[in-house]
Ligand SMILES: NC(=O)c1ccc[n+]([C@@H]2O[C@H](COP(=O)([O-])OP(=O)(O)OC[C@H]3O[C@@H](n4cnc5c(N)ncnc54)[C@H](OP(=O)(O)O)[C@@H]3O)[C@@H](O)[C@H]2O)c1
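In the block that follows, a single chain appears as structure tokens, in the form predicted alone.
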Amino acid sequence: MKRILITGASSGIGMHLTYLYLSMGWHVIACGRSLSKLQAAFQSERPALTLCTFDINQSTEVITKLKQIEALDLVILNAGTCEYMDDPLPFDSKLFKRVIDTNVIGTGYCLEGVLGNVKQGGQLAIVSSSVTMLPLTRSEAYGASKAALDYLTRTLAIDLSPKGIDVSLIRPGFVDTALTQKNTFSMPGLISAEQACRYIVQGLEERKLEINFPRKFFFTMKTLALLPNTLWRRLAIKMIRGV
């Protein structure tokens, strides 16, 4: 039985990935901050499911618990948060730190704890976001954190290759989860968490370096990213002004 570890498993993409991999016959180590939320997400006990709790912002707790989990075929680091900066004046450094600490530094804690337990021939995947393709309004903290994950993942893909570990960068568009349900703006190309997980599983089975979805939204963003930065800036300013 193959073994997979998934962080952020109590809701959204992480929860649906857990169910999907369980249905595929994997042993899943589902990680989250709250035991009660994990138990609520997976109400019946399953022999192939192990629940693991830690606060991703607590380095000793994360590293200690993850180092105890051995012989992993696949790790998906999915845990993260999203907060938008409604007005950069004054700049909210506390918000900025919260997002960077969880999305970037917390991922680093997970990597320290888990990487040594990935089998040779195994896989690592890190969930970023398509927000990194373009500078978007209010995304000073969230976008910066995800851009850091992009660079981190691509670097790991180089340095872990000689060690027999494949690395994939996952960049979803808008996915219908508890986090995105808080958004008050239009979300083009919105897909369900179940759809997102099918894209992810297929991409990981094909050992893709990058898994971008949904395709139409991705190609739209990619096309816009080809515009000169000065032109995109003008368009973005017009959009926030409603011109």
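Residue numbers run from 1 along the displayed sequence. Just so we're clear, the structure is a prediction, and the values are computed from it rather than from any experiment.
One more form of this protein, predicted together with this ligand, exists but is not displayed; see below.
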*Just one stretch in 75 to 83, 156 to 164, 132 to 140, 114 to 122 has heavy atoms within 4.5 Å of this ligand in the predicted complex, so which one is it?*
75 to 83
*Given that the partner is absent here, does L179 sit within 4.5 Å of this ligand in the predicted complex, heavy atoms only?*
yes
*asked:* Residue-level question: is T50 within 4.5 Å of this ligand in the predicted complex, judged on heavy atoms?
replied: no
*Taking 4.5 angstroms as the cut-off for heavy atoms, does R33 touch this ligand in the predicted complex?*
yes
*Mark F218 yes when one of its heavy atoms lies within 4.5 Å of a heavy atom of this ligand in the predicted complex, and no otherwise.*
no
*Sole residue of F54, Y199, F42, W26 within 4.5 Å of this ligand in the predicted complex, by heavy atom*: F54
_Stretch 218 to 235 - residues with a heavy atom within 4.5 Å of this ligand in the predicted complex_ = none
